[in-house]
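Presented below, as structure tokens, is a lone chain in the form predicted alone.
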Amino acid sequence: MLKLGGRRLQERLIVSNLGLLIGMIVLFSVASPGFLSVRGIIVIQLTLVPILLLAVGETFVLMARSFDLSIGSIYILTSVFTALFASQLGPVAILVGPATGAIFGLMNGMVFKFGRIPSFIATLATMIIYQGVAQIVVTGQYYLFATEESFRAIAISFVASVIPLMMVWAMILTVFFIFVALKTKFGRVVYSIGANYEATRFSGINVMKYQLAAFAISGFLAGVAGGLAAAQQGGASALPYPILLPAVAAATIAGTPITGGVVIIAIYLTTDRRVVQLIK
């Protein structure tokens, strides 16, 4: 059972964020009459999908008191890989992004844990490496085209003529990982690692396993975003794309502190018939 303190503070944060969101919608609607048009809503959704997925993945890493600066490069590299295999695999190519993304995320965690390098520095290095690999893959080509219709239909189809199918996939994954974070043992342990690393480790929990899993989730969701982007755009480019800062900002603005964990009074974890109380 996970007990979170500061409930009133959290409620106020939610209300203030909703108020800010509504205010921005009103402001932009007045400034640009086409903002809330059907076309405008579709464009907003297509723009927000990769940021949403990267932010959810980054949230798990931040919860464990770490950083993943490579998600932007993983996003680019997985979109390149997806576009590379789209003509051969068709719609199945959409799985290339999540699979390779999870591998790259796991590699980040291994560099961080086994190399004993701070995650900020480790993922800064892998960010450059992944970007370089993407440049190598597209050597001699400015853009890798993926125009297979069955592949593109995964992202460019619409629900009710307003909601892009890729937004549906993104929302399903977001809801699932919110459930994982709040309602499963995995989420509670990741929270506890960020709240009190040493107490969690001394309680007998395999901290490394959970930290590696958090990085793998981050890479997986960046890969999903990359695959969907390749399908939506009909290809991919290795040019740098400024998505890292918006994704990290979205994760922190949503309430995940960069210091890890949450605002906690106490966490109660039941592991191997032992109840561990962690106080921050």
Partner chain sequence: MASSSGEVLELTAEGIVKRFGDFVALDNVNLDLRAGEVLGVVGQNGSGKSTLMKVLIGAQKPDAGRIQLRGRPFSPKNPHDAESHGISMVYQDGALVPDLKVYQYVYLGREVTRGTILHSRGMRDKTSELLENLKIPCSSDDFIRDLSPATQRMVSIAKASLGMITGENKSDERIIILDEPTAQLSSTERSIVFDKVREWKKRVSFVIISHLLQELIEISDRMTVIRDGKNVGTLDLHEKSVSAAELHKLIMGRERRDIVVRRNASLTKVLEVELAKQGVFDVSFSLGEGEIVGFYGTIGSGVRELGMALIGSLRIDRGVLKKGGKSLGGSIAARVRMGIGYLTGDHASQLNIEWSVQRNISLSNWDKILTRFLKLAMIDSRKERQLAEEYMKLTNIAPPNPDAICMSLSGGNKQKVILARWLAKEPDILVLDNPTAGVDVGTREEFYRLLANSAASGKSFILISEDLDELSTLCSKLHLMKDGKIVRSLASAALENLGDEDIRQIIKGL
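Positions refer to the first chain, counted from 1. Everything numeric in this text was worked out from a predicted model, so none of it was measured.
Below, we refer to the form predicted in complex with its partner chain, which is not included among the displayed structures.
The candidate spot formed by K185, A199 and G204 lies fully in contact with its partner chain in the model of the complex, as each residue has a heavy atom within 4.5 Å of it. Exactly one of the stretches 68 to 76, 205 to 213, 117 to 125, 147 to 155 approaches its partner chain in the model of the complex with heavy atoms within 4.5 Å, and it is 205 to 213. Proximity to its partner chain in the model of the complex, defined as a heavy atom within 4.5 Å, holds among F81, Y191, F104, F112 only for Y191. When you look in the model of the complex, the only residue of M166, V96, A86, A195 with a non-hydrogen atom within 4.5 Å of its partner chain is A195.
In the model of the complex, at least one heavy atom of F179 sits within 4.5 Å of its partner chain.
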